[in-house]
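The chain below stands alone and is given as structure tokens, in the form predicted alone.
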Amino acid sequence: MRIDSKKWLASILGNAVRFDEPMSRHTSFRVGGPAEVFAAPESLETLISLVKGCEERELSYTVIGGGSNLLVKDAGIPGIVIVLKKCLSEISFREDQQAGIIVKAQAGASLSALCMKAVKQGFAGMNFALGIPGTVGGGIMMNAGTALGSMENVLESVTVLRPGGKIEEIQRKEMIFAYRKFGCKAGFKPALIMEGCFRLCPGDPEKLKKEADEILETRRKRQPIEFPSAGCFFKNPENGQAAGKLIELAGLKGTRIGGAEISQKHANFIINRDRASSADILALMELIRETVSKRFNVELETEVKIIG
């Protein structure tokens, strides 16, 4: 990156910008090479100035959430990585006689925090997302969900930042949802998601708390949360067995390459068992794909986003 671009970034971001920042510090996998620029704007105004300035200077940028569904390659990420945790982290609730409970959660807010606040307030509808790590914005972009539900069941609108700095609200009727995908019918791709508006309903706080405890306990028992990972690595095929079951039937549980391992507890988790590199994880990913394809004629698609 040119010196003048670095000076501009430092001038608008101050201490909120770092150069050659290891992404292993910012992903749940705890792997990844350096981001050329790592920017964490502390206000909405700074965020808009940053995005507009990048477009004007033709500087590439990547917006990430909590880094929980992300694998950054060992070579790192060119351009600018933008995180929203400091400038877009508010969660608010209001009651609406017609719509029920309306929750506004900014993109950088923790998805777990949103779920737990809803439980504490006695608002039902978000328990499906309990235990899913990452941010609200990342959850929307991935249409995050479990067997109990997904974002499309509760999301009413999203506020987006359009190229050029224009802020726009997208209503539910204009959204497109698919398995682990979110888009807009108008066909445009927003610069970034700023906020999600969710419709919940009144519930019994004690029952919601009990349900939440049971969901989290089940996740603890079934998933290898004691090791760094990015959650389920592959999407479940549209038909037939789940990805984890296919990997297990292929006899791959416990297989290791370098410091990466296919979890013994849940075969759709690749874990960073012992100082794994991104290359270790990618090699294990390819082994899984090839083996499942040969055994079951099923082509597994990654749920984890791979960048760099």
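Counting begins at 1, following the sequence as shown. Bear in mind that the values here come from a model prediction, so they are computed numbers and not experimental data.
Not on display, but discussed next: the form predicted together with a small molecule.
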- line: Note: the small molecule not shown here; in the model of the complex, the stretch from 192-200, 207-215, 166-174, 113-121 having heavy atoms within 4.5 Å of it is 192-200
- prompt: So which of Ala107, Val103, Met126, Cys87 reaches within 4.5 angstroms of the small molecule in the model of the complex, heavy atom to heavy atom?
  reply: Ala107
- prompt: Just one of Ser278, Asn69, Asn272, Asn268 has a heavy atom within 4.5 angstroms of the small molecule in the model of the complex, so which one?
  reply: Asn69
message: Gly76 versus the small molecule, in the model of the complex: is there a non-hydrogen atom within 4.5 Å?
response: no
- request: Please run the contact check for Leu50 against the small molecule in the model of the complex: heavy atoms, 4.5 angstroms, yes or no?
  value: no
- prompt: Just to confirm, Ser157 within 4.5 Å of the small molecule in the model of the complex by heavy atoms?
  reply: no
field: 4.5 angstroms heavy atom contact with the small molecule in the model of the complex for Ile91
entry: no
